[in-house]
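Read on for two forms of one protein chain; each stands alone as structure tokens, with the labels structure 1 and structure 2.
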Structure 1
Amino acid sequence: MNFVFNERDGCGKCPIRHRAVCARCDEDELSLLEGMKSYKTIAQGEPIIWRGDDMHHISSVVSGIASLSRTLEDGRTQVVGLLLPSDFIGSPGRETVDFDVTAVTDVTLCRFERKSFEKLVEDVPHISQRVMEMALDELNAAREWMVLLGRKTAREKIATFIEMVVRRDNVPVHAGEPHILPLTREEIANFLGLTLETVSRQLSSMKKDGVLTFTDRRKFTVLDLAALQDATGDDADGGMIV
């Protein structure tokens, strides 16, 4: 899961190098993984793995977006994270998954047998260090999201989400290019702890206020970035400290 939508540095070869070990690559260590990996593609909307299922593999997202979510008995659903390229599905040391994982778009995974991966974690210190760093990053992002879920208004939640999408896009994409919402209104709602109607109303309201325009229901451009950032409820500089 990677709330900030920033893709980590990767050396572009094997998926596991994206984040797990890259920048400290050692061909010998990594060649251990060569025999173990297999690829799998899951179609948009299909489940990848259900909560409680045995976790035979640890996978890395190669392309596409997956969601981590929990659904209560009566159908209320909360998305607790989005998995973007280089994010992992499954944790070493856990036998089962604790959340449902679903393909939000078509998703390609690079999979490693869990047992072998766990052995690798024990044998290669770089890997546990990298997984530790990733888990700490995710933890921070999750806590940040807890503030949003527990205390922000609908308007602030939407603004935070949009700002996050824009921040992610602004690295690779040129100015002027419209941004793409990777989720439906309902998925956004389940991510923000709202209903789809409220999401729709707030987006309309921001459109009316001249903060955004939509070219189509998935594509938008920010007209007033300052207003957008103001509306997030966060510190002026976007969470960083002065």
Structure 2
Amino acid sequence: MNFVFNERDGCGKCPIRHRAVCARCDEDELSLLEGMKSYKTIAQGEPIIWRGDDMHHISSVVSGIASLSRTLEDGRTQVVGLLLPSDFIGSPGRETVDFDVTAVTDVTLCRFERKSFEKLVEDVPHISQRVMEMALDELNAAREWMVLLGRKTAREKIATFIEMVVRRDNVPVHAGEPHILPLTREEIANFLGLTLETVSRQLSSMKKDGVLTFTDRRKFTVLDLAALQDATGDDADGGMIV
């Protein structure tokens, strides 16, 4: 993502301020959160929390990317989603989590002690409203992930992933702004159920078609946002084109 995070900055300067759980908070409510928060950084590849572990903190992702996954008895692992900046880890009223959460890149979390945060949800309508909105967003994201893995073509999968990165970046969603792929091509292939060769071929095809341009293997610019959105296979209302 295109920001530098400084833990010494207050909530008002937080790069996810207008997308996180505190998005609707006024100055007094932000002061309450300021007194409750702590930061923790997890190194790339390290677990953030395992499925079934006691959840002592509820957290927002400030920077980096984490994966949600479920491991089967025979060792197979299925990634069921990605957590990007402003996404939430944990739910008020839940003492455990249902998935393994792992840092795909270095991840910085803004954390709140669970019981204190649950009381805040009860006492502050702006926070309880935002928690509900984010829970519904999470449900929609899970449904989109099901469609992406189960029904979309390779090009549609990659276009959807790139469109998601652009949409969730901290810059306005329009053509001409530089963005950074948060994952390597091999990691993208693993997450999308594709081969590395397929990912590279499809990215090269989008470059040839004038949809994207790359200055290196990770830094890219969207030249034609409408074409990128068309390539996702979604219609204008967010559903699949049939």
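Residue indices: 1-based, along structure 1. Rigid core here is just the name for the largest C-alpha set that superposes within 1.5 Å across the two forms. Remember, predicted model here, so these are calculated numbers, not experimental data.
Shown as structure 1 is the form predicted in complex with the DNA, with the alternative form given as structure 2. Assignment of C-alpha atoms to the better-fitting superposition places residue 132 and residue 147 in two different rigid parts for the change between structures 1 and 2. Two rigid parts account for the change between structures 1 and 2, and C-alpha superpositions put the rotation of the smaller relative to the larger at 24 degrees. In the rigid-core superposition between structures 1 and 2, residue position residue 192 carries a C-alpha shift of 4.0 Å. Structural comparison between structures 1 and 2 after rigid-core fitting shows the C-alpha of residue 228 displaced 7.3 Å.
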